[in-house]
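Listed next as structure tokens is one chain, alone, in the form predicted alone.
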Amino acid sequence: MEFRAILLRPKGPLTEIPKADTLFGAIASAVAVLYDNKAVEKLVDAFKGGARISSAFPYFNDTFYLPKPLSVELVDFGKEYGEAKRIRRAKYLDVRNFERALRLEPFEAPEMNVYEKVSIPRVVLDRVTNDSALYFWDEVRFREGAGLYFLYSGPDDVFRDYIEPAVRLLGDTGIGGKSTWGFGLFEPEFSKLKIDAPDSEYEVTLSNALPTKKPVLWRIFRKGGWSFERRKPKMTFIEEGSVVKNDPGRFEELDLGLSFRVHIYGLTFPVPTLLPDMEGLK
């Protein structure tokens, strides 16, 4: 399987590593700026028709990392306790070990020191009393040669007409929270990434998703946030690395009192994976 890889070479820190729903929201907003809301509807239709983006994952030089499939947490690879514990805690695998994990073959969880989250102290002043208060702001910093990337799968014209120009605009305006402070600026680079996946009816998703049926293996999280200064309700997503079977995921359309409906991206980004032969799993 070959995908387009969109590298986001950071010019500074980010507030968080963006997931697929954040990336799609940013891309859709950029398309609205570059074109109009009708273009956004065409973009949404293209993704309902099969186009996909993944969440953002780290890279370091030529090494790309992908989320560890949950399926391997059910397999005993005979590792010593310490190594087994380290593998279980690993969040990302490089592509070679990710491909082994898809086949349930023994794999290694490489040491990864690509980025760190730092709490920065800041001071806010009360506008009336001028009293000060201390608070902390988390930001993600990358080491030299490291950054983020996400994958695209779909028609070339959708990438050429919407994704690439939107990403170039976002590089100058920022992605994620506090972009007006200079967070989330990046230099885009466009490449490709191959993943050698087995034949299987089960799939690991490389995006956070809103499933349409019960997943096979999953880990969930709740996420809300803001869109155009309107609060979005919290929704339950499955995490990247969860395993599904024939589930495309779905968009959630929200009426936030704006002149248009807000589309929350919850499509799966499926890559075939094997499942352990365990009773009750398949």
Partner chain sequence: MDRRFYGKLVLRGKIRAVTGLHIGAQREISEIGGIDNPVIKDPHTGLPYIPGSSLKGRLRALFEVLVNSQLNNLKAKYPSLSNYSPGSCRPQNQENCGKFFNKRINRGWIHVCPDYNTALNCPVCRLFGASGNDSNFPSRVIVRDAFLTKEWQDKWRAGEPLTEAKIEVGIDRVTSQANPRTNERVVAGAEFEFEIIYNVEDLNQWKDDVKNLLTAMALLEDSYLGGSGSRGYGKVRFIFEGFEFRSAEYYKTGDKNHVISIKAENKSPGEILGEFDGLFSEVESKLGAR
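Whichever C-alpha set is largest while still superposing within 1.5 Å between the two forms counts as the rigid core. Since we're looking at a predicted model, the values are computed, not measured. Positions refer to the first chain, counted from 1.
We do not show the form predicted in complex with its partner chain, though everything after this point is about it.
Worksheet item: Does L74 reach its partner chain in the predicted complex if we count a contact as any heavy atom within 4.5 Å?
Response: Looking in the predicted complex, residue contacts with its partner chain do not include L74, since no heavy atom lies within 4.5 Å.
Worksheet entry | is_contact(T173, its partner chain) in the predicted complex, heavy atom dist at most 4.5 Å | It does: once its partner chain is placed as it appears in the predicted complex, T173 has a heavy atom within 4.5 Å of it.
Fill in: Close approach of S191 to its partner chain in the predicted complex, 4.5 Å, heavy atom
Close contact is absent here: in the predicted complex, S191 is far from its partner chain, nothing within 4.5 Å, heavy atoms only.
Worksheet entry | its partner chain contact in the predicted complex: P13, any heavy atom under 4.5 Å | The answer is yes: P13 has a heavy atom within 4.5 Å of its partner chain.
Worksheet item: So which of 125 to 133, 90 to 98, 203 to 211, 149 to 157 is the stretch with heavy atoms within 4.5 Å of its partner chain in the predicted complex?
Response: Going through the listed ranges, the match is 125 to 133.
Fill in: Output flag, R141, P165 and L169 jointly within 4.5 Å of its partner chain in the predicted complex, heavy atom basis
Every listed residue reaches its partner chain in the predicted complex, so yes.
Worksheet item: On a core-based superposition, does R122 travel 2 Å or more at its Cα between this form and the one not shown?
Response: Yes, the C-alpha position differs by at least 2 Å between this form and the one not shown.
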